[in-house]
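Below sits a lone chain in structure tokens, taken as the form predicted on its own.
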Amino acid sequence: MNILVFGPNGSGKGTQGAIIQKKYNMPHIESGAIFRVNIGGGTELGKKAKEYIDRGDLVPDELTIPMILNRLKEADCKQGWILDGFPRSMVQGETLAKALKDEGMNLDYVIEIVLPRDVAKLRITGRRLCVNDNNHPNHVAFDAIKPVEKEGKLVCRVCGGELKTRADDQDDTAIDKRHNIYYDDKTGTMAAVNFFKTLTGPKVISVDGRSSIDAVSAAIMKELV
């Protein structure tokens, strides 16, 4: 099955994608992770994408769309995939829908994690990223997923790896820019969410992101059949 996951930054969509991946053994394709690999490797794509990400701006379609589509055509996606973090605009949503149709790939589920904007912002500022796996949940404000202390510093609660913060996670202006993109229901990500809800075919699963990780996961799994 092919799944599209939507949710604002801070909603835990990456974590939920990882849980689905583990259960169904299919690739979890996270656009942000692809950007980070390229940024870390110093590729030309990474250098260009970093300029936009650091400002909290949307990476242009000409850098993103071909990369995403090529990834969906790779061999490990033949039995299904989970796409997380893309599309982020109405135009990208329409382009993706057309591309999937042209490639003969069905979209089976659209998962929307609903979270109020103020709650999403609070979650962003306290999250920490594991250098070994970005989908290991670590957050300084939530006891259930707090990092652990080792030799005087906080490390990943899952694997003990080093933790980092994204510069734009600590920047109010950058956070607001990212959320302006997501919550925009005219041309932004919410417009794309609403577009996919109008399509015939995919089942839409909307869940309350204010619940615990386990509760959100249970609500999603109940609908995946």
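Keep in mind the model is a prediction, meaning the values are calculated, not measured. Counting begins at 1, following the sequence as shown.
Another form exists, predicted together with adenosine monophosphate (AMP); not displayed. Remarks below refer to it.
The partner is absent here; in the predicted bound form, the one residue of L45, M26, I29, V59 having a heavy atom within 4.5 Å of adenosine monophosphate (AMP) is V59. Distance criterion of 4.5 Å from any heavy atom to adenosine monophosphate (AMP) in the predicted bound form singles out G85 from the list G85, P147, G93, G80.
Using a 4.5 Å cutoff between non-hydrogen atoms, I53 counts as a contact of adenosine monophosphate (AMP) in the predicted bound form.
Using a 4.5 angstroms limit between non-hydrogen atoms, F35 touches adenosine monophosphate (AMP) in the predicted bound form. Adenosine monophosphate (AMP) in the predicted bound form is not approached by S11, whose heavy atoms all lie more than 4.5 angstroms from it.
In the predicted bound form, at least one heavy atom of D168 sits within 4.5 Å of a heavy atom of adenosine monophosphate (AMP). Across the options 85 to 93, 147 to 155, 70 to 78, 110 to 118, residues that bring heavy atoms within 4.5 Å of adenosine monophosphate (AMP) in the predicted bound form belong to 85 to 93.
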